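Below you will find one chain, with nothing else, as structure tokens; this is the form predicted alone, and questions on how it binds or moves follow later.
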Amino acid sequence: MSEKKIPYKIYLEEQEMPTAWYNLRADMKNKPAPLLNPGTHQPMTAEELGGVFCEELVKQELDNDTAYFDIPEDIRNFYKMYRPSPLVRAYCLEEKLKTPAKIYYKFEGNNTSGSHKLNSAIAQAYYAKKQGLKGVTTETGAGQWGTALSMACSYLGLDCKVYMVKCSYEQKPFRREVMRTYGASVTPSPSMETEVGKKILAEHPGTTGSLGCAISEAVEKAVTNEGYRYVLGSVLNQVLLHQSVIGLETKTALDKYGIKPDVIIGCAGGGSNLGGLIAPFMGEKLRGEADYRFIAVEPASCPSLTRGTYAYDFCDTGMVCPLAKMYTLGSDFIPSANHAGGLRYHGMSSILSQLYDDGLMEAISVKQTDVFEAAEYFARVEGILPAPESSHAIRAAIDEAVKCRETGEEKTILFGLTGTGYFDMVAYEKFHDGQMDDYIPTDEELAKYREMLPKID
């Protein structure tokens, strides 16, 4: 089909929406390392994980071999409220950049939560409801995951307790109020509500918090309250499984018009958006059916892939969660309070960490002033105010398009626009007022946390 017939926005029909999630692990030669019991250092069993997570989610977490999991009809019906999401050709951006590159983005911001997080939130809430639980606990950083989970729990009639990283809680009051509108309780973390929160505050008085802190509190709340389980918005295998709907829809839309991306770019914090976007494309690469270049983009102030260590580490600051083998900065690492761009987690998904270690994808880190510069440029050119997290991918996509302009290469660039930035105006204000800096941890700082990594035989 000729390029002139390709629409500005590619929408899929309802029947073209995925009916199954794709499990990338099934095609990985080197499987991600198993979660370990922090006491015995042995692989976590389903029974052990079942005390923290929902039963069906534990099965999804541990299954490295089943390629596809059917999406329950109730979840598919919920998805229909905002899926399939559009794949957009960034014609205006291409024109402004004067690049021969073709730029596409998958837009996940067309729901009230403002991000891709709802794809997994409804799945995890559904399995909690099916198990007969009263409610769930979780953490949230920028607030997108907490917002998505509060929406899903409200829809299904579940209680939702959210621990929000303290600096985000203070910077994003409106995000907090959306969660409360959907019935969630929202607590700034670390807090005095939990024993681990009290311990963290005693050891780090005045701390602005981290996702690792908030995870510890949410897990403690879940295991000490009957009828509750903990759910997580990124990092875990089950989350990347649910987020594969992003990549599956994207590939279907591109295949519909005979388009093959050369470069696929996603922001990377814990890995849910990136993992979901690249899943079917990476599957083709692993099976030898096609080749793509994958780029993970992370903040220079929290650079787990580019400057972290590939090792077993705790998933949380309070060291109550299982150990995961991942690229990590150390579970005690807390990004600077001046870091406003999201993607604050100290580690990376075990799946993505394994793929990166195997040389199957690249990773770069970018400074947050460069990120917000790209965000502002994109908003003025394409008309969407992007989330700071998404803007990391935008920064890299623009840079790749400029390289094409300089070399004359006609590459096709695909990136994930994970959500909108309308609740991130304090960060935009700091950028516009010149109050945003580019804090980057020193090698000495990172070495200190590296030395604290658990010793695993």
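Sequential numbering from 1, following the sequence displayed. Every value quoted in this text rests on a predicted model; they were computed, and no experiment measured them.
Another form, the form predicted in complex with another copy of the chain, is not on view; read the next lines as being about it.
Although the partner is absent from the chain shown here, K80, Y182 and G383 each have a heavy atom within 4.5 Å of another copy of the chain in the predicted complex.
Contact check for Y11: a non-hydrogen atom falls within 4.5 Å of another copy of the chain in the predicted complex. Contact annotation: R176 falls within 4.5 Å of another copy of the chain in the predicted complex, judged by heavy atom distances.
In the predicted complex, another copy of the chain stays beyond 4.5 Å of every heavy atom belonging to I122. Although the partner is absent here, D433 is a contact residue: one of its heavy atoms lies within 4.5 angstroms of another copy of the chain in the predicted complex. Of the candidate stretches 355 to 363, 211 to 219, 104 to 112, 286 to 294, only 104 to 112 has residues with heavy atoms within 4.5 Å of another copy of the chain in the predicted complex. Site annotation in the predicted complex: the residue of V426, V402, L62, A67 reaching within 4.5 Å of another copy of the chain with a heavy atom is V426.
Of the residues V162, V235, I200, M151, just one reaches another copy of the chain in the predicted complex with a heavy atom at 4.5 Å or closer; this is M151.
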